[in-house]
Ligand SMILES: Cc1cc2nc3c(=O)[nH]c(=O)nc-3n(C[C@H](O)[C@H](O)[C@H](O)COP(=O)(O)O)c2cc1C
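Before any questions on binding or motion, here is one chain by itself as structure tokens, the form predicted on its own.
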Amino acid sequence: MYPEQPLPEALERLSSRRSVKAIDLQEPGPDAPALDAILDAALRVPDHGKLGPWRLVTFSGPARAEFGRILATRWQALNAHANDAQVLFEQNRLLRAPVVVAVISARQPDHKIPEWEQILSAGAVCQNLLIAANLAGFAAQWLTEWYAYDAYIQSLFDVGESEDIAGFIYIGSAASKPSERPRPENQSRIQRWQQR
């Protein structure tokens, strides 16, 4: 039988999973083996046609500050009247979490697999990163923010014509679980099929 057994604890964890704001993340983050396990789990997504329509870029250690300096410089170029506090915030963006993973949707638009399904696959990678981080004992948040859409920043990731940055996943630890937020009532979003 597959799967061999249910995992009620995993279902319970998933049912109570919350994103933790990047600004509230702290050390420790996943070490290299833990991050590899999270990334491996993240890539176990539906992928019609076995295209792998995504790629990942990880930031940890000094790479976060190096990228932050690039963000600060770009922010200044886009906002001539930016004050020192704004520039410092941009410089420290990736320092909000011990590990940051950029997920890039890398589609093949002329393939028989619809482009929409390829985009969904990249979104599934983002969600799997959140779930895998949580199951590995870490907190995470999926953000895009301005730099995901900026042409110059995209060029640093070699984002091509049929690519987009699906998001940046911030991973670390949280001092406490955030309070629950309002959510749609589940049953109001679920229908049972009935032929008319």
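Start at 1 and count along the sequence shown; that's the residue number. All of these numbers come straight from a predicted model, not from anything done at the bench.
What follows is about the form predicted in complex with the ligand, which we do not show.
Although the partner is absent here, Arg17 lies within 4.5 Å of the ligand in the predicted bound form, judged by heavy atoms. A residue is said to contact a partner when one of its heavy atoms sits within 4.5 Å of a partner heavy atom; Leu143 meets this definition for the ligand in the predicted bound form.
Within 4.5 Å of some heavy atom of the ligand in the predicted bound form lies at least one heavy atom of Ala166.
Stretch-level contact check against the ligand in the predicted bound form with heavy atoms at 4.5 Å: of 35 to 43, 134 to 142, 151 to 159, 60 to 68, the positive one is 134 to 142. Residues Ala166, Arg181, Arg183 of 165 to 190 are found to place at least one heavy atom within 4.5 Å of the ligand in the predicted bound form.
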